[in-house]
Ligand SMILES: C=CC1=C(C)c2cc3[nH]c(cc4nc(cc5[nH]c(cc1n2)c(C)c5CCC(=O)O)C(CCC(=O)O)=C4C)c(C)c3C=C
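First comes one chain, alone, set out as structure tokens in the form predicted alone.
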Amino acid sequence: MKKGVLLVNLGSPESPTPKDVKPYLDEFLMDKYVIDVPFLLRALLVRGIILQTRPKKSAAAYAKIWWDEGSPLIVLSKRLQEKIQKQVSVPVELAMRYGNPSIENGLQKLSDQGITEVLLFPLYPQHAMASTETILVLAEKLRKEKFPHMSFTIIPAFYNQKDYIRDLSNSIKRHLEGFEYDHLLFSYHGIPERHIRKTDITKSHCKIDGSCCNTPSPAHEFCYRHQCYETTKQVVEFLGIEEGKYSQTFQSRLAGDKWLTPYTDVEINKMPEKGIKKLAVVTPAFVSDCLETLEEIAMEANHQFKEHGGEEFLAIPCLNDDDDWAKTLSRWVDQWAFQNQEQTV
């Protein structure tokens, strides 16, 4: 069997214009793993309400962070792919769950090279319905319909893998050099609380009550909340950050549902009155900088923090195409390429 790799990230609109943002948002928000309500209700909510106003607002946000080369998420993902390709012995392609290049396009490129065994690599450290799971479901659907000659090996969530923790921690340390911060905030992308309960394979463990994430359980294999807190815990231990000097929040929520708390924007706005004047923020739910990190955090959160009395704000970049990170991913790929194991990370 000839092997190849498909890296998969979230995706981006083709341009920062309402015309291109609207179909991208439609594909994204109509995904039943993102807004998990019955189709008719989802269509009413997305196409009847959200898409009537959101594309213009989102396009303006994308325009703030757009690069000459294109979408930062796409550009950075391609750079990472290219670095990995130079270090491994098997073909490596890149795909996006939404927009282009599509997962079907990525699988087709591998198929055209005679690839029959694919390492499917979602670029998400933590497992969630709206990220990892939707990638795996779509990829399997495409495999059955169009690429039945292929087999998949899945890279599991790597939120606690020592190489990832080391690379993330060292990146944070480098960017903090010379910045005497009062507080380090770990801001993860938010999800509805019901997603946590839906991915609980025990159907009884996840209470979201402050204790279940710290109580050993098979549920943790797919629990986004637990995995976020575990990433924070291990980075804090690696860097030796003292208690009280850091905290964790969740960003990017939609109105109407109970999402994971505490909320990033709410907590950041309260920090200056607590004496936190110099704030650093890291976003470990992402491996590539994107709208949520470059606009929501580096721009909007920065502005709000200073509006409420903060003095200095540092948005720490994602791992992106960091050389050490690219070497780690290349090593994981080669481990798989030369071993007959289903999960090698």
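Small disclaimer: the values here were computed from a predicted structure and weren't measured. When you see a residue number, it is the position in the sequence shown, counting from 1.
Although it is not shown, the form predicted together with the named molecule is what the next lines describe.
- Residues of just one listed stretch (272-280, 311-319, 291-299, 40-48) have heavy atoms within 4.5 Å of the named molecule in the predicted bound form: 291-299.
- Using a 4.5 angstroms heavy atom cutoff to the named molecule in the predicted bound form, none of Gln85, Ile154 and Arg331 count as contacting.
- Lys306 falls outside the set of residues with a heavy atom inside 4.5 Å of the named molecule in the predicted bound form.
- Taking the partner from elsewhere, Trp336 is found to have every heavy atom lying beyond 4.5 Å of the named molecule in the predicted bound form.
- Looking at Gly190, you'd find a heavy atom of it within 4.5 angstroms of the named molecule in the predicted bound form.
- Residue contact with the named molecule in the predicted bound form: Tyr124 places a heavy atom within 4.5 Å of it.
- When you look in the predicted bound form, the only residue of Phe238, Tyr181, Tyr229, Trp259 with a non-hydrogen atom within 4.5 Å of the named molecule is Trp259.
- Contact residues in stretch 130-162 (any heavy atom within 4.5 Å of the named molecule, taken in the predicted bound form) are Ala130, Ser131.
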